[in-house]
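First, one chain by itself in structure tokens, the form predicted alone.
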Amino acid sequence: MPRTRFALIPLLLAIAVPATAQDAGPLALLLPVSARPAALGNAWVAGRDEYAVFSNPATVSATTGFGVTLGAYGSDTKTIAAVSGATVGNFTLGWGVHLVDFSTSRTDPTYPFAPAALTGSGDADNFSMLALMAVRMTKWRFQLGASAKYTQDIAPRETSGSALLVVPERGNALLLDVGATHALWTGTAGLAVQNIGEPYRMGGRYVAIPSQIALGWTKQRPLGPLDFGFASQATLRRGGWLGVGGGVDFGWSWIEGYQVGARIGARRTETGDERPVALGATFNADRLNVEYGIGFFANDTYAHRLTLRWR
């Protein structure tokens, strides 16, 4: 079987097999960060842009400008993410931050949050965040990386003694990622061990971390007048949950420096409230890059992400 067809297997499995992952948190660890991976089935462990550092520290890249990603789930959730990097001697250093502000009912005891919680609304303000520092180096033609991560959930809840008194519950964790990438089959293979750490304490109980191993492959090549890209990934999470995902994108350039493109991807979702298929689009004009991704949830609700870069 040709390699490209073989790599499409995760994409087909993502559509065909429903799944529910083990409850884990904080919530920011479960979400795609930028528009491109969101539209490609979150298959970005072998990704090629600066936001791939959230999936694999071996992908840290030195940026030559600035960028930001804005997101919205439903009508009440807002997200923002940013990354940067620089080369220092033989190492490339990078940092990233992802902030999620959303609301739920203060009488709802459900925790940890699932991604579908972001599409609702309520009278309790919640917050989730992820911040990381990463370093990458080249050894034996492999790109090797490690990142330290700090993540936190804040979830106000009513006290048992009074329905009027609301107190914030905070849970946070320090985690480690390690990863590698290497050229393979005219593409790039990536391997990462993510969210290495112990359960954290939230509201008097311990909550599991979504520790996992991710293996993926990406490829970029011309296809007639189009630029064709492919990404695939398999993820094995602690507890035995297996997630698969992938996607394809096509770009067309009618003049040097200008390009439009479209993306489609699918993945095995965390819960049944998420839809497996996602879509995206991109537009490049000289040094400006605009990317858009949309995900789908139950009850006709959506997740939107807009990534802006200036190089």
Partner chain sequence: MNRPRALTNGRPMRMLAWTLAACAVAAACTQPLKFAKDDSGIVLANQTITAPNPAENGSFRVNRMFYGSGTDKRRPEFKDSVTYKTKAVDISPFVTVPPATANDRKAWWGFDMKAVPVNGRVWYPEGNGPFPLVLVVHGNHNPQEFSDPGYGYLGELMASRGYIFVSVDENFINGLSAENDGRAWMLLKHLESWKRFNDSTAGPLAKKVDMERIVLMGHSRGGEAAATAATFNKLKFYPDDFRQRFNFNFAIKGVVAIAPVDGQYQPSSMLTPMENVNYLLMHGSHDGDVSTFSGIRQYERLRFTDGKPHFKSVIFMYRANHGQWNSVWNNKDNGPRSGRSLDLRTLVPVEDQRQMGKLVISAFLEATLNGKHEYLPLFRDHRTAGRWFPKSLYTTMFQESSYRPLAQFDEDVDLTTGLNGVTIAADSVSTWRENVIPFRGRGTDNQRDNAAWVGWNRRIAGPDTMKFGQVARLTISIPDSVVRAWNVSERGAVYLSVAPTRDKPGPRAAARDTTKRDTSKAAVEARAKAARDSARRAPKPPRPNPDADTLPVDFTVELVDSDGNTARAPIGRYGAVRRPLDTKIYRRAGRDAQRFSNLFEYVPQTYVLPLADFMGAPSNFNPAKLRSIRLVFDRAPLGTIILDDVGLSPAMDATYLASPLRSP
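Numbering follows the first chain given and starts at 1. Everything quoted here is computed from the prediction, not taken from an experiment.
Same protein, other form: the form predicted together with its partner chain, not shown, and the subject of what follows.
At the 4.5 Å threshold, heavy atoms of D125 stay clear of its partner chain in the model of the complex, well away from it.
Proximity of A82 to its partner chain in the model of the complex falls outside the 4.5 Å heavy atom cutoff. Proximity of T271 to its partner chain in the model of the complex: non-hydrogen atoms within 4.5 Å are absent; the residue sits far from the partner. Among heavy atoms of L223, some come within 4.5 Å of its partner chain in the model of the complex. Only one of 274 to 282, 45 to 53, 25 to 33, 255 to 263 places residue heavy atoms within 4.5 angstroms of its partner chain in the model of the complex, namely 255 to 263.
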